[in-house]
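Below you'll find only one chain, the form predicted alone, shown as structure tokens.
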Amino acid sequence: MAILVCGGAGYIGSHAVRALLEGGEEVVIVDNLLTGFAEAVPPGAEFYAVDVRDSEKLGAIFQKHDIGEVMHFAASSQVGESVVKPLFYFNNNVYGMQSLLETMVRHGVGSIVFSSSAAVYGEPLVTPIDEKAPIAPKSPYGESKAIMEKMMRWVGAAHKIRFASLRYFNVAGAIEGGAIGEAHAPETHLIPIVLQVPLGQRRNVTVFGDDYDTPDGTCVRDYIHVCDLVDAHLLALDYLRRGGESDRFNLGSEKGFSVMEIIRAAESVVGRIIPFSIGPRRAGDPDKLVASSEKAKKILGWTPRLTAAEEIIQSAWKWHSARPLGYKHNDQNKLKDQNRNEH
């Protein structure tokens, strides 16, 4: 039986595919390439450029490959974009989950590892954040992930589908060797944005607010290396294979790094000063978001290995410096012009 990886050509999904193949698993990928890249798909995986919302094509894939388990990464994930395109996010994410669950029910597939998000918590009042924190998303993106979790719970109860929902924080870094990595257009994540400066793609970094209640006044976030995140997905898969009950797990390094600490760590890695400017706060940015991962450690046996800021950034830098355009679909001149206009 094969594992279906939805969104397996994306940043996190492509890393998971490699780990599954290394573990001797039969892997089938569906990805509509909206934000994924065919170049990220490794040899050994069967790939279909199919949208999970296309239930007819999805069902044919389940039938052809005798799908036994699912890892689901396929979703749009930009918080800001979701605010201005809420209907798109609900269609792509929520309806995508509906189509996938319907197909799983029709073909008797009983387990799914789901890529959720800390965005389901919104702006928690207490950190570190554990799984008992209230679900109060502040964006359509976070809302879509919360709805997708509820869908799995109700469908699971009705059709005996067990799930592991992994709520993770800020994912960064790249696989050892830098064969694949993070590539978004436009880029919205801090570490790639910081690294665009030494790559000559950005003049400086804008730090949004320096008056937060943190040691240096800039926001503190929990960063998790993508390979540690993939390890948790493999452990969650094994947990379900051993008969584990449906559950939700926070994933983070349990360390918080401020924006300025990330900039300084990047300077150490690349060996040059990274200019920055202070901008106004962004609405809704909490002072500090740090995970409690005790539940994942206790139940899944998961422990992150690459938790130092320099380790995470070093792996990201190896990817970005070797492939400054990311995958070939990126247009470097357009990217430079866009970022020049921003600053």
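Position 1 is the first residue in the sequence shown; the rest follow in order. Not measured: the values here are computed from a predicted model.
From this point on, the text means the form predicted together with a small molecule, which you will not see here.
Not displayed here, the small molecule is kept clear of K57 by more than 4.5 Å at the level of heavy atoms in the predicted bound form. The small molecule is not shown here, and in the predicted bound form it never comes within 4.5 Å of any heavy atom of R248. When the small molecule is considered in the predicted bound form, I313 lies well away from it, no heavy atom lying within 4.5 Å. When the small molecule is considered in the predicted bound form, R282 lines it closely, a heavy atom lying within 4.5 Å. The candidate spot formed by A45, A74 and L234 is out of contact with the small molecule in the predicted bound form: none of the three has a heavy atom within 4.5 Å.
The stretch among 188-196, 105-113, 91-99, 150-158 whose residues place heavy atoms within 4.5 Å of the small molecule in the predicted bound form is 188-196. Among A40, A309, L289, L300, the residue placing a heavy atom within 4.5 Å of the small molecule in the predicted bound form is L289. Just one of A174, A118, V269, L229 comes within 4.5 Å of the small molecule in the predicted bound form, counting any heavy atom, and that one is A118.
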